[in-house]
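As structure tokens, one chain now follows by itself in the form predicted on its own.
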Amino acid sequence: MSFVPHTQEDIKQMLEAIGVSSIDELFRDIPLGLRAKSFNIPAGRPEFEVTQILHKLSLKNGIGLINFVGAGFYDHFIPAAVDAIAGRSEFYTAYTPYQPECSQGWLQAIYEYQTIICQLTGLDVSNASLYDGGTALFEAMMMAIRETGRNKIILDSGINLIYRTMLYTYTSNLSIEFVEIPVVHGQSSRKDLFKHLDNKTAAVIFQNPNFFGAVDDYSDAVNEVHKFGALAIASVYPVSLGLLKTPGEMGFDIATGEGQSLGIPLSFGGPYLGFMSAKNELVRQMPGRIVGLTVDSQGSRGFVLTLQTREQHIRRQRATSNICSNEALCALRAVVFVSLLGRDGLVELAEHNYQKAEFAKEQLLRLKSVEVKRSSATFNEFTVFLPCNADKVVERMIEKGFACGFPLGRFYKGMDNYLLVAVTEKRTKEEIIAFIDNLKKVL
């Protein structure tokens, strides 16, 4: 039975129980100017009423906005089973499974996660997860530098600026030459790429779909990259792989991405999940850990940490990375999410995202002052040109209950009137139409 204080006697008993004589003594470490003037604690209420009150208060934070923002992080539906399974104490209290004899459940979960990432990306081997999409991309780049012995990296400017900034920041004290190639009509410029490719190139990095939402088939570019002995790296949006060519099908050597869209809530920016997969021949360059499947002395199936390439283990100065932990709980959410969907479910999810985005494009075409960029195919995110500053439109749309997109001028010079719009399976027909109607009023 919960105890809710109502009287001065109740408060006195509580203070005595914790060993202080007064409220002033209880809060003596707080400056007077910051203390509450009074403590008018209302009587207790039923759980349902309290939940309603807290929900109304939370709406003041803008979480009630109808979300059309993407830019690398997406508002997808998460089945209740994901929370239920990830919330089991044997999972959320577990640390890295160093001792296989008492960690078979965790090890198997990570093994299944690795298997799913390999199936999603079409590549041979996956590690046991990384911090986020940007960290994973950095680690992939360093893999290429170690493998080739070269230090030139060609970056597509359609890669998320957050990721590019991370690459520059992490390598600020390293002798690495970066070359950024432009995006032309939303897609990578093959002409500029081929011009910069040479025998000093360690890797070329692409993103699919890129930051503008444009989808590309990089098979031709990857073939050209390989002619110079360089590696090709792709940063991918995992949900899109339900419809698009996989990195493996396009010939990429390494694939990375942000796993937030696989059952992980937006949560004001984290924690998130970095995934990575690669061709077999690169397995000893991979950071972090890899869980393997084996049999014990009695012939029973078992799971064990197979490769541990960090400096705290036997690798020491030969470690491939200083990644000291993995995002195992987030990886567990991802494997539960994908397992619940299944192969056909993932395809259906991807189709819903694509079709709803196409419907939103059609509705936007009703607005004569708005131009939908159609020079490239897209998945569930696309770029529109507005007749005025996109930042101001975003502000006005928030007042009407919509987070209407990401203003590209914040990341790209000269694009102040461009807005990046994302549509996921959560957006209903009614919400999309209301979004268009309110955008028309604002414009």
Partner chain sequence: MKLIFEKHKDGRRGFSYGSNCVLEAKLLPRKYCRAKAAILPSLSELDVVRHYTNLSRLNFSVDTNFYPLGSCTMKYNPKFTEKVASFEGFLQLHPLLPQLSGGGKLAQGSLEVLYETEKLLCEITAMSAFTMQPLAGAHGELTGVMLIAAYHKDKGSRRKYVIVPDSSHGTNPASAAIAGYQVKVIPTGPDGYMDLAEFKKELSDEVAAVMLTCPDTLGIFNPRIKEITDLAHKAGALMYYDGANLNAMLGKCRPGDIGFDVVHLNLHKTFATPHGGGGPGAGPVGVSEKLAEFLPISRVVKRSDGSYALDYNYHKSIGYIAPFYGNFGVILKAYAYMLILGKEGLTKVAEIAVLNANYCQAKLKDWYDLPFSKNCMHECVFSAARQVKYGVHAIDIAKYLIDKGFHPPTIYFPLIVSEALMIEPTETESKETIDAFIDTMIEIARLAKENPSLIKQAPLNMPVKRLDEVRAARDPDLSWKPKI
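Take the two forms, find the largest set of C-alpha atoms that superpose within 1.5 Å, and that set is the rigid core. All figures in this text were calculated on a predicted structure; none of them were measured in a lab. Positions refer to the first chain, counted from 1.
We do not show the form predicted together with the partner chain, though everything after this point is about it.
Colleague: With the partner chain left out of view, which of 367, 340, 184, 372 would have a heavy atom within 4.5 Å of it in the predicted bound form?
Modeller: When the partner chain is considered in the predicted bound form, the option within 4.5 Å is 340.
Colleague: What is the one choice in 308, 151, 189, 223 with a heavy atom within 4.5 Å of the partner chain in the predicted bound form?
Modeller: The option sitting close enough to the partner is 308.
Colleague: For the interface check, one of 199-207, 129-137, 223-231, 151-159 should have non-hydrogen atoms within 4.5 Å of the partner chain in the predicted bound form; which one?
Modeller: Looking at the other structure, the answer is 129-137.
Colleague: Quick one: does residue 416 come within 4.5 Å of the partner chain in the predicted bound form, counting heavy atoms only?
Modeller: No, residue 416 sits far enough from the partner chain in the predicted bound form that none of its heavy atoms falls within 4.5 Å.
Colleague: Taking the shortest heavy atom distance, is residue 145 within 4.5 Å of the partner chain in the predicted bound form?
Modeller: Residue 145: no, not in contact with the partner chain in the predicted bound form.
Colleague: Applying a 4.5 Å heavy atom distance criterion, does residue 180 contact the partner chain in the predicted bound form?
Modeller: Residue 180: no contact with the partner chain in the predicted bound form.
Colleague: If you check in the predicted bound form, is residue 28 within 4.5 Å of the partner chain, heavy atoms only?
Modeller: Within the cut-off, so yes.
Colleague: What residues in 283-298 sit within 4.5 Å of the partner chain in the predicted bound form, counting heavy atoms only?
Modeller: Contacting residues: 283, 284, 290, 291, 292, 293, 294, 295, 296, 297, 298.
Colleague: Would you say residue 27 moves its Cα by 2 Å or more between the shown form and the other one, aligning on the core?
Modeller: Residue 27 C-alpha, core-superposed: shift of 2 Å or more.
Colleague: If I superpose the two forms on their rigid core, does the C-alpha of residue 426 end up displaced by 2 Å or more between the shown form and the other one?
Modeller: No, shifts by less than 2 Å.
Colleague: Any idea whether residue 93 and residue 51 get closer or farther by CA distance in the predicted bound form, knowing it moves 3 angstroms or more?
Modeller: They are closer; the C-alpha distance drops by 3 Å or more in the predicted bound form.
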